[in-house]
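One chain follows as structure tokens, the form predicted on its own.
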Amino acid sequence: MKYFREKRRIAFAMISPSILVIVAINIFPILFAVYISLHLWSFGRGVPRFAGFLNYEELYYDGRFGDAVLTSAKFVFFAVLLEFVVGFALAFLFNVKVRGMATLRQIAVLPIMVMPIVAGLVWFYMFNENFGVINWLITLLGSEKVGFLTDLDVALFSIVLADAWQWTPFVMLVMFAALQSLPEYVYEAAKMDGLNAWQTFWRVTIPMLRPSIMIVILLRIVDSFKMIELVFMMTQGGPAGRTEVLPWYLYVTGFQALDLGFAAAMAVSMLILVTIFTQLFLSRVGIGNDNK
């Protein structure tokens, strides 16, 4: 017993630096955000004053916050849907053993390597109504210019397209790796059972890919929900707030209006919303459930 206690002490001593790093990087900022959210604090305008749940109460009645949550939900839904559909199709395309596919795969993943804020700047210039290359091509075809970044009904989908351009290759990579890992003997058995290509796809391929599909969807949902770079570079939340996602509203409140208490309450609420959604999603699809 003394030997095992000594081993446990040594093991704890070995992992304690990692635990301290996790606490410092992950736990402390969350606790500090909760602390700030319980105070009235405008940066540079005095010391924090304890206010209890007043910031959360104001958040509950803030219509702009509700609109930002709804806009974020729209963006996440359309962005993840487009990225998954196109990425899934590309994964099957690149899985075909044809000469030159390896080179095409390498080219296809290049957008992932671009910084999101740079991607936003590139798409801003491409979508610009006055000198954007896309509108230039549209006018060459004899049509009128489209306000990709100024039209109330188009601006959000322009950001969706820019996000899909950058992150569809990520979905493609994950699904391609999952396809490569599928055992060949399963398809041989399906062929012997008389299944055609369509039946094999739905009864064999999709069930085996289900864990990878759910994981990549979850990762993209969580990452899309905190997207701010594209809005910052392309629309600044406009036109008329149609692209004001929750992270952008948080940024405006905390770093422009300097209302740190209200911004912290918004950040904590955002964290709670994402955590609840993640847990519901995981329990719904059965990932990480040992009973399944």
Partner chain sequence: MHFENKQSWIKKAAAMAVAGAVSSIAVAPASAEGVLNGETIRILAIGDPVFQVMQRIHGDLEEMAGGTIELDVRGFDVLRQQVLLNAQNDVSNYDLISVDLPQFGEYKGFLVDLAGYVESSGMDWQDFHEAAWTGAYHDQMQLGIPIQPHPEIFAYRVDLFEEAGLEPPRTTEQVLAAAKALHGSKDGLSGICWNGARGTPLGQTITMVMGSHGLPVIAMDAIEGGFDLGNVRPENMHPQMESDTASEMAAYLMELMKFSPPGILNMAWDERVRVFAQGGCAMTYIWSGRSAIYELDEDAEARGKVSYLPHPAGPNGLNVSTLGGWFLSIPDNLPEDRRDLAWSVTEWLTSPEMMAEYTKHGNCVAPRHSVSVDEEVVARCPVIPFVDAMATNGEIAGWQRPPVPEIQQIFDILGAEFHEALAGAESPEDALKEAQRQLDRTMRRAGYY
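Just so it is clear, the structure is predicted and the values come from calculations on it, not from any experiment. Numbering follows the first chain given and starts at 1.
This next part talks about the form predicted together with its partner chain, which is not shown.
- Contact with its partner chain in the model of the complex, judged by any heavy atom within 4.5 Å, is made by just one of 219, 73, 86, 152: 152.
- Taking the partner from elsewhere, residue 238 is found to have a heavy atom lying within 4.5 Å of its partner chain in the model of the complex.
- Proximity of residue 103 to its partner chain in the model of the complex: non-hydrogen atoms within 4.5 Å are absent; the residue sits far from the partner.
- Among heavy atoms of residue 34, none comes within 4.5 Å of its partner chain in the model of the complex.
- Using a 4.5 Å cutoff between non-hydrogen atoms, residue 246 does not count as a contact of its partner chain in the model of the complex.
- Residues of 120-153 that come within 4.5 Å of its partner chain in the model of the complex, judged by any heavy atom, are 124, 128, 129, 130, 131, 145, 149, 150, 152 in sequence order.
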